[in-house]
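For reference, the chain that follows is the form predicted on its own, supplied as structure tokens.
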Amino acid sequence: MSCIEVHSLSKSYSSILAVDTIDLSVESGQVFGFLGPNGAGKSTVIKLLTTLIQPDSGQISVLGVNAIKEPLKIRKKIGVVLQQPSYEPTLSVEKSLEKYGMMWNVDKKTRQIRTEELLESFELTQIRKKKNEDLSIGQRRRVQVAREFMHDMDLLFLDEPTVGLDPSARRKLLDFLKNKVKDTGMTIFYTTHVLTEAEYLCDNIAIINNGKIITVDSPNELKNRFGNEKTIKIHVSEQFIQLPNLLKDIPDCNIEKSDGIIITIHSTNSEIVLMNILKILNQNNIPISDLSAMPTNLEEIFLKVVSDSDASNN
């Protein structure tokens, strides 16, 4: 069942076409990653899907409801955490959670139960009495995300939710979200600039650039489609400035960077390329400290897809 259906959606700001006739379908019960560089159109799409702004043209269906004609009906069923900080400075952490539950008409007993659960899940118990204005940026962000779970929802929009979180808090949040989707069947629409997060969390990923959807697929399928290259890194024992010149004639040996000590190469035929590299290094008596060949990760795929998109538009 589709949670979000978008057809020929467009939105302009003056002469800037922020969203350019996109089509998008998001199935229920998954974490859907929405990735793109700054200015690609991500925030505009989220504002359209959450009914904060109206499109210039196109159709939007969210949870089976026409988002253009019945925006209030949708807002009752969704949660939204935007990039901008949002907190009540003088309220304590626990009072913030309780107030948010009251805003959503959650009964008192349920508010109390959920407050305790969320304080524990987001590791906020020890600071429950602290005012929001006295919290660190990361602590405020955890409160901002936690309070959204005070009410029931079928669809949650999270826009860069881990900004300001340390690695431990980030992983715990990602695991919390994974378990929520698994246990409740809710859908999460997730944007991030941290590609390792998307790879760990998301079932499917859409990449947007210049207002257009470039591709939609699972992380593994994106790797299969775009990640047939491997990244080869060579670390020689001493600086050898001429090393790139020795390797440049090897077929399918695309040198990305080199400082004479560490050289990074991309290749779709890594085994043969590695054999040729080792042969040349041996012939020139260049000692190796370390050598590795790693599959291309999601970040490199993202950079490649966006770069190819930019090139096709120029």
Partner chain sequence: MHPIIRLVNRNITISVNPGFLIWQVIFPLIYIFVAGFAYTALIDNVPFGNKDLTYPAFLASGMIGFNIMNSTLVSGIIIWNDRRHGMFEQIMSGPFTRVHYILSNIATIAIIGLVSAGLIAAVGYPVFFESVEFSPVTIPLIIFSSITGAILFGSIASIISTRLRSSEGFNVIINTVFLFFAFVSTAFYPASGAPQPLATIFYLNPLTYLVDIIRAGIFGTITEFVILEMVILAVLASILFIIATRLLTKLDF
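Positions refer to the first chain, counted from 1. Owing to the predicted nature of the structure, the values given are computational and were not obtained by experimental measurement.
Below, we refer to the form predicted together with the partner chain, which is not included among the displayed structures.
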Non-hydrogen atom contact Thr215 with the partner chain in the predicted bound form at 4.5 angstroms: no
4.5 Å heavy atom contact, Ser237 and the partner chain in the predicted bound form: no
Lys47 within 4.5 Å of the partner chain in the predicted bound form, heavy atoms: yes
4.5 Å heavy atom contact, Gln144 and the partner chain in the predicted bound form: yes
Residue stretch of 165-173, 189-197, 76-84, 120-128 approaching the partner chain in the predicted bound form, non-hydrogen atom distance within 4.5 Å: 76-84
Contact at Ile53, Lys95 and Glu148 by the partner chain in the predicted bound form, all three, heavy atom at most 4.5 Å: yes
Residue (of Asp203, Glu160, Asp154, Glu88) lying close to the partner chain in the predicted bound form, criterion heavy atoms within 4.5 Å: Glu88
Heavy atom within 4.5 Å of the partner chain in the predicted bound form - qualifying residues of 99-117: Lys99, Tyr100, Met102, Met103, Trp104, Asn105
